[in-house]
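In the block that follows, a single chain appears as structure tokens, in the form predicted on its own.
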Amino acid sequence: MENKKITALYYSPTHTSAKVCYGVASAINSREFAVNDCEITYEREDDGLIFGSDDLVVVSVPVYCSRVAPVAVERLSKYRGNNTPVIALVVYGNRDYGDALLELCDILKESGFIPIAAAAFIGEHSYSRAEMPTAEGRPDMADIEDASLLGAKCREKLDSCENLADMPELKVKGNMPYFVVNHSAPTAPAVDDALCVQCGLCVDNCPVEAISYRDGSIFCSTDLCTKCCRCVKECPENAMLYVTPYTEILHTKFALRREPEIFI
């Protein structure tokens, strides 16, 4: 384990997947230098990376409708392993992670990685609002403690295994075929022009470049928007609004705290 180079590879528009990823990766890394950061929330200039058997990669992505977020799937396709151990993490908004964890493990295996552990953590739902929160503040300190414990267990597992090929195949929750997502009509956050000061933060921060200036105002494309709601959560003027009945449904029906599920 001492020779492993640890990389945190994550797609995280609202930072929840990144927090879990680093919670796990930091607990594995006992050496005094930083975990290699490989954020894929935005398009990277490189053409992807090929990891070797001396690498250990922690992959963390959000769940959209019981599946891995489509943009995360697309960006993960640029990365390859060569019998590379990987820890697969999905983060969902306290409703259900469905087949996402199984899907992520399958994607990684097809790309040359060997899953040694996997987990589903909870993050504040992208539709959560102050007046109707769902999983507000998650992942919280208790979640990060669980992530650290997972990292420590993964370290022990690797230390006790001389050959990855000898490890039993990791079994996780999920079904094949995967859940079929019925896509709703395209929608996007709206801008309250009375509050917007056109600081451009939303334009710069959108992971899919769905927001732009148009006719002197901020415009969000319904064709490109993935409803990650990063623009809504990070607008300093509270000028970005995403109105959906699901905010109230989630707040009402999925208020009970769920805990991480770990497979190792």
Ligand SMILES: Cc1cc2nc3c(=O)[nH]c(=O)nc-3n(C[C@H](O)[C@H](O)[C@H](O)COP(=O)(O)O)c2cc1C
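Here the structure is a predicted model, which is why all the values come from computation and not from measurement. Sequential numbering from 1, following the sequence displayed.
Unshown form predicted together with this ligand; subsequent notes refer to it.
- Contact check for residue 111: every heavy atom lies farther than 4.5 Å from this ligand in the predicted bound form.
- Taking non-hydrogen atoms only, residue 65 approaches this ligand to within 4.5 angstroms in the predicted bound form.
- In the predicted bound form, none of the heavy atoms of residue 79 sits within 4.5 Å of a heavy atom of this ligand.
- Of the heavy atoms in residue 91, some are within 4.5 Å of this ligand in the predicted bound form.
- Remark: of stretches 224-232, 195-203, 48-56, 211-219, the one touching this ligand in the predicted bound form is 224-232 (heavy atom within 4.5 Å).
- A heavy atom within 4.5 Å of this ligand in the predicted bound form is found for exactly one of 155, 75, 95, 129: 95.
- The partner is not shown here, and in the predicted bound form the stretch 73-90 never reaches within 4.5 angstroms of this ligand through any heavy atom.
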